[in-house]
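Single chain ahead, written as structure tokens, the form predicted on its own.
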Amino acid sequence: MVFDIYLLEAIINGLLLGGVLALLALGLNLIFGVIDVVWISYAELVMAGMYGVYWLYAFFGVPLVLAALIAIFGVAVLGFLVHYLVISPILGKPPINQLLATGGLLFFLQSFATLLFGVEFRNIGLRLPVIELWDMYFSFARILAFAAALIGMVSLYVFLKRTFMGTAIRAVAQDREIMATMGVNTRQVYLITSAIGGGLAGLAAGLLVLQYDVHPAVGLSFGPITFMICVLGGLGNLLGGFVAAFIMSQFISIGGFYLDLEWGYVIAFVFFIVMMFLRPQGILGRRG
């Protein structure tokens, strides 16, 4: 049996997609692992960052790399404000209150973007080349996104392992009550974590805007799959989210190869549902 080179192409494209999905899940998992709050509105921060890159690059003529860096900083500030204004007042409240607050923020950000920019689909107008390798074709934008996502994830790993604040974040994630009694300023850790999570959303925005049109509901394209990846890997488990992102991306890509892209997503969702019955705590989550 001759190996199908087009199947190999689908597998590699799945890996490239998995890198960006892993980056999206990384920020959401970091926030949940440290603060114990699920930001339902996390994908809307990505949407805000995509609009930022679009207007800076396509309208104001700011170089793309600089526009992406400004978006990363801007969404990091937005993440800080989300925690300070929305999350902080409801910490310790029932989980349903937190879900309603972040869900309300989701609709607010979507509606606000619609009022500001309308419902038109906007594109930065940058046409990146397609790479050909042995009759296989790969989007340069997706390769660039995978590389940047990998750099972002490695940088976060080094920060968490090698810096004092990174150590504090990991300690609070393991036992926030004890760390508070030991004099650790958990409020400061929460704010910095939210800013980092926002920065990761900004980085994802700078990568996704190369491949997708920007519109107020673009977050709905990434939000559900990002949330499922986090749950599948074990909410708050960074490594689990990383593994789950590549599993889901392969189901999407290979399913799309044999059937079509919509069926690829259907197969990935069915796998997620089955895994929730078999291992509800997630692939690398701890049993309660």
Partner chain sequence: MTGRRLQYAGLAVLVALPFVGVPEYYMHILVLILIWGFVYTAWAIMGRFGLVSLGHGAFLGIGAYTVALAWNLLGLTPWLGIPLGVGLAVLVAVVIGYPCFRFRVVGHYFALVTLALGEVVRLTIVALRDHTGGSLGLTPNRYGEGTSLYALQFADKEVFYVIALLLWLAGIWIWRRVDASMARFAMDALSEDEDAAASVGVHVTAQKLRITMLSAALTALGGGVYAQYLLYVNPGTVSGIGVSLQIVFAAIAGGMFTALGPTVGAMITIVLAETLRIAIGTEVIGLDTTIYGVMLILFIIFLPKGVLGGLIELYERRTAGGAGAMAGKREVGGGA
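Quick caveat: nothing in here was measured; it's all calculated off a predicted structure. Numbering follows the first chain given and starts at 1.
Heads up, the form predicted in complex with its partner chain isn't pictured, but that's what we're talking about next.
Of the candidate stretches 51-59, 64-72, 249-257, 29-37, only 29-37 has residues whose heavy atoms lie within 4.5 Å of its partner chain in the predicted complex. Residue-level contacts in the predicted complex: of 96, 130, 126, 133, one residue has a heavy atom within 4.5 Å of its partner chain, and it is 96. This chain is drawn without its partner chain; in the predicted complex, the residue among 210, 153, 191, 106 with a heavy atom within 4.5 Å of it is 106. Against its partner chain in the predicted complex, the set 7, 15 and 137 makes no contact: no member has a heavy atom within 4.5 Å. When contacts are judged by a 4.5 Å heavy atom cut-off, residue 242 does not count as touching its partner chain in the predicted complex. At a distance threshold of 4.5 angstroms between non-hydrogen atoms, residue 141 is out of contact with its partner chain in the predicted complex. Contact check for residue 100: a heavy atom falls within 4.5 Å of its partner chain in the predicted complex. In the predicted complex, no heavy atom of residue 47 sits within 4.5 Å of its partner chain.
Along 249-277, these residues reach a heavy atom to within 4.5 Å of its partner chain in the predicted complex: 260, 262, 263, 265, 266, 269, 270, 272, 273, 276, 277.
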